[in-house]
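Heads up, the chain below is alone and in the form predicted on its own; it's given as structure tokens.
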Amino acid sequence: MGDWITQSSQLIASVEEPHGAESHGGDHGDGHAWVSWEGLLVYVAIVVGTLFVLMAQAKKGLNNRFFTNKLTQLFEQVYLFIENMCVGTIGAHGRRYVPMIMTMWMLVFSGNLLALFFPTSPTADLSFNLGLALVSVAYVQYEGIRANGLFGHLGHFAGPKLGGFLALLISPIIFVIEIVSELMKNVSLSLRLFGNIDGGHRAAEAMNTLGAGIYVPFGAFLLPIKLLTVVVQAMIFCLLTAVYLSLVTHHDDDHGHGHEAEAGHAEVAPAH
């Protein structure tokens, strides 16, 4: 156990080494700490391990009537928040996507939160964020195919159904544009998260450098803003995933239920 802790400490300490120093010829020249691949794996292990421990503790507070554990109550509020996001964005069938969206929320939020206490974090690494984005977009494509069939999902990229000559001229152009747009979602999701979390580290480091002469950590004053960024970026990542799911799994019956409810209210109204 002691050897494992020592090795983990050495891997975390490797964050001070430039990322890919062998291939880039040494230091980047900006004084910014770059995590090695081994160090990134340790940070990911910290995030995942912490989540498993918290969920195990929260599970102990479950019973048939009410939740007795404060941690369990906290997880309940997170679940209700994600459920409301999915239902409000996707529709009534959005509840089936709550497990996936909540998993993404916990990973992104925990990774962002780790950035407040460590020199870097998984979400401050572009490769980790790109992996999350690829999983998110691939999951959206899978759900789109499951909801509409393979050809129905591909037809979604061709835009509205056109007839005659317009179908041969316009539809292929729209298809190509939509495919490129779908691929760019990976870039958008990953760069947005990376830029905000890594940018927060760089800003704090720059402000600490300004106060180094008088021993004042000016970067600490950014903590409230960074804490807000932790929540907002996790919410944006999950919300955009929910929006992408709503575009490919849209159910007309969701609106049908809404119209039936409105009609029911209209019928009851004269009785008053």
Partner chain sequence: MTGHIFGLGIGLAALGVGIGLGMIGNGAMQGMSRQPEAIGKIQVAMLIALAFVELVFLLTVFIVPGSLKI
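Bear in mind the structure is a predicted one, so any value in this text is a computation, not a measurement. Residue numbers count along the first chain shown, from 1.
The form predicted in complex with its partner chain is left out here; the points below concern that form.
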Is there any non-hydrogen atom of residue 234 lying within 4.5 Å of its partner chain in the predicted complex? no
Since only the chain is shown here, I'm wondering whether residue 109 would be in contact with its partner chain in the predicted complex (any heavy atom pair within 4.5 Å). no
Is there a heavy atom of residue 216 no more than 4.5 Å from a heavy atom of its partner chain in the predicted complex? no
Residue-level contact is defined here as any heavy atom of the residue lying within 4.5 Å of its partner chain in the predicted complex; does residue 42 satisfy this criterion? no
Only one of 176, 87, 191, 154 gets a heavy atom within 4.5 Å of its partner chain in the predicted complex. Which one? 191
